[in-house]
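Next up is one chain by itself, shown in structure tokens, the form predicted on its own.
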């Protein structure tokens, strides 16, 4: 579904110094896989994820999604993004819109569905995450966990082929983490292709088909969850896991 070839990303600091965040990543993501990306802060995890839908433009390299080279300037990235759901750390809901309007805005505006179809879809998705009673509420009245479940539903309303999650639980109170991970697990069980940047090792172990360890802008190690956690190969990963497990 996604092929990443020699992906580099360099940021220019305010003082003009170059900060090389991604250093030539090559990777393939197949349909139905659940790729979990872990690593220390500043390792390039979120930048890698944000490059996959061009929220960050790579400095060089290629990203091919569903046969389309999205790094080609001629590619219509807005069309491509309709097939890629994105869930952010801080929810990014529109506070001036009801939950229902947050969910139906994109499908209706992009003429993917009529208002009636979008409403019907939104209600069935809200039921799936046990928040149907919040359809007419505003985001300000919801807990962090509820907001994040709504953010996931909003992405699902577009019927994406792929879901990207950028540390979806790191802004939540500990007791709300479980309810969001539950929704993500259900998505995984239903065959959704997912790339998840997270610090939740239990989720990586339980849901991932592959776990990647990133450090200093590279994928240092990848393996099945069992092998990854039980017999890490590199000293750097062993050291990292000894601190987080």
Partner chain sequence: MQEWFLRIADQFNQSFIYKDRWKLYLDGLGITLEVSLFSALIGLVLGIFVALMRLSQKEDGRSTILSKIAGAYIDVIRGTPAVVQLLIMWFIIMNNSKNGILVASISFGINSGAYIAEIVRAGILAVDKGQTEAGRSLGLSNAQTMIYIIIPQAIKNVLPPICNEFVTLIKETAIIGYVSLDDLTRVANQITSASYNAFMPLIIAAVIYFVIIKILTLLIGKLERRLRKSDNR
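Numbering follows the first chain given and starts at 1. All values reported here derive from a predicted model rather than from experimental measurement.
Here the subject shifts to the form predicted in complex with its partner chain, a form of this protein not shown in this document.
Visitor: Can you work out whether residue 86 and its partner chain are in contact in the predicted bound form, taking contact to mean some heavy atom pair no more than 4.5 Å apart?
Guide: Result yes; residue 86 sits at the interface with its partner chain in the predicted bound form.
Visitor: Indicate whether residue 92 is a 4.5 Å heavy atom neighbour of its partner chain in the predicted bound form.
Guide: Yes, contact at 4.5 Å.
Visitor: Answer with yes or no whether residue 135 is in contact with its partner chain in the predicted bound form, where contact means some heavy atom within 4.5 Å.
Guide: No - in the predicted bound form, heavy atoms of residue 135 and its partner chain never come within 4.5 Å of each other.
Visitor: Does any part of residue 126 reach within 4.5 Å of its partner chain in the predicted bound form? Heavy atoms only, please.
Guide: Heavy-atom contact with its partner chain at 4.5 Å: absent for residue 126.
Visitor: Choose from 197-205, 26-34, 63-71, 50-58 the stretch whose residues reach within 4.5 Å of its partner chain in the predicted bound form, heavy atoms counted.
Guide: That would be 50-58.
Visitor: Tell me whether 10, 41 and 45, taken together, all sit within 4.5 Å of its partner chain in the predicted bound form, counting heavy atoms only.
Guide: Heavy-atom distance to its partner chain in the predicted bound form: none of the three under 4.5 Å.
Visitor: Exactly one residue in 118, 77, 100, 131 has a non-hydrogen atom within 4.5 Å of its partner chain in the predicted bound form; which is it?
Guide: Here the answer is residue option 77.
Visitor: Could you list which residues of 149-170 come within 4.5 Å of its partner chain in the predicted bound form, counting heavy atoms only?
Guide: In sequence order, 154, 155, 158 come within 4.5 Å of the partner.
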